[in-house]
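Shown below, as structure tokens, is a lone chain in the form predicted on its own; questions about how it binds or moves come after it.
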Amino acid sequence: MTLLLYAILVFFWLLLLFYSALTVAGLWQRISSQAPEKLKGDYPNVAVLIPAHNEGVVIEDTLNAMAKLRYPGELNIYLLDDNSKDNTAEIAKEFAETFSRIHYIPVPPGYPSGKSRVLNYGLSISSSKYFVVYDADNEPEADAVEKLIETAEQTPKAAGAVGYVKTKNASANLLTRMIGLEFQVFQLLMQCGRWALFKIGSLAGTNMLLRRSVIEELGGYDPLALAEDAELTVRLTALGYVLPVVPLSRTWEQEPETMKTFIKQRTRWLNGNLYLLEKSFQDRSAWFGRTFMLSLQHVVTYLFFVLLLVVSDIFFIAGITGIGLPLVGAPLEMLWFMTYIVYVCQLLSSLVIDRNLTVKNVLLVLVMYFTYAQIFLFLLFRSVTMYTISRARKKTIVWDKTQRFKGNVE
């Protein structure tokens, strides 16, 4: 038992040191980041691909933002309508009639359903050097695409570039505010930290630029991947390409406002990452070079991190209830305490860097470990159960669209 506890402590401390290093590197990268230099020659042509399915609640705001994009080169915006039954088509067609660079594209029915298949179709009907993906609830800032292009064109071996995703409805309720804080940590610290230390960037599913020739080299999107961004990131990295992180390229995205919608969305994300884990274990190329860091991150995040979260909770509960715990060089309660400190420091750092340090946000940060973080224990159990059953029955988990909400803009 003592040896097991020592092993847990060593791994836990290594994990805490790793995330602490990412936080510090991310802070430095974010503080020192500057706007990319303007290109000296012509700007390459770009296609903006927007997969859409029953997006009538948000699509008008999205297309208004797309119409305001500033780009020095040729830019075409494709609303890819995946068999919508609401007024998505009607709204999109009105914009297409008003703005020459906005195009309404009905996507033929096909299998399997989901974002990957729609994006593959979008690539087949466009011919630009680069393409940018935005979700149908996104409102990018006017210079977002320009900054992505400038960075990608001036970074050796770049397959594209990754921007920053902010929460536009963070003020809706406590859940959306917590999601917004989580995104700040991932986008501002983890993404920037990994790029600063390892020159590794991860596609975030939206506000991401990709070079068409690279995607064609990879054979397009995997239509079975529910987490198509993470799956594509691994394949790109395995071929030696990089994805520079551009925090000054920003888009505003709507997040789930109800727990039911949040659980459905995150279950889909986790199922997609479980698929990626299984795929990675069957592909040796996923465990060499910089790809090793991505694969290791998935194992740590979706297996070991949750396991250690459970262990940490056990130590915390034992400590406050007076249940005796052995001493292994130091009280095991210290394990939980340091986990909590690192978690809180990451969130507070993101608040400072993003300039939204308020009393309300600080109080929220102090309780997020006990509330928001614990939800992921349930989510992982739910996802593993669903994924295991689907694999046993040889069935494919189908795409599950995230519900949209009207109003509540930050």
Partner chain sequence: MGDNLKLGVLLLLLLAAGWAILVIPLPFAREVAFVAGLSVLVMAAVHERYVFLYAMSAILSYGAFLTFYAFLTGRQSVSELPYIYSHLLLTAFLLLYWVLLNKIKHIGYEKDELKRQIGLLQKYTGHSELLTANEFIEQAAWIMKAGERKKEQAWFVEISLEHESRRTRDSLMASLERTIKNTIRQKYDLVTSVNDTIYLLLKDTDEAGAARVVERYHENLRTELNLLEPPFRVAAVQAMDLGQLAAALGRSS
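Predicted, not measured: the structure shown is a model, and the values here were computed from it. Positions refer to the first chain, counted from 1.
One more form of this protein, predicted in complex with the partner chain, exists but is not displayed; see below.
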property: The partner chain contact in the model of the complex: residue 99, any heavy atom under 4.5 Å; result: yes
property: Partner proximity in the model of the complex: residue 278 to the partner chain, non-hydrogen atom cutoff 4.5 Å; result: no
property: 4.5 angstroms heavy atom contact with the partner chain in the model of the complex for residue 87; result: yes
property: Exercise: residue 373 in contact with the partner chain in the model of the complex, heavy atom 4.5 Å; result: no
property: Residue among 94, 143, 217, 74 with a heavy atom within 4.5 Å of the partner chain in the model of the complex; result: 94
property: Heavy atom within 4.5 Å of the partner chain in the model of the complex - residue from 367, 35, 39, 67; result: 67
property: Proximity to the partner chain in the model of the complex (heavy atom, within 4.5 Å), stretch among 232-240, 99-107, 205-213, 161-169; result: 99-107
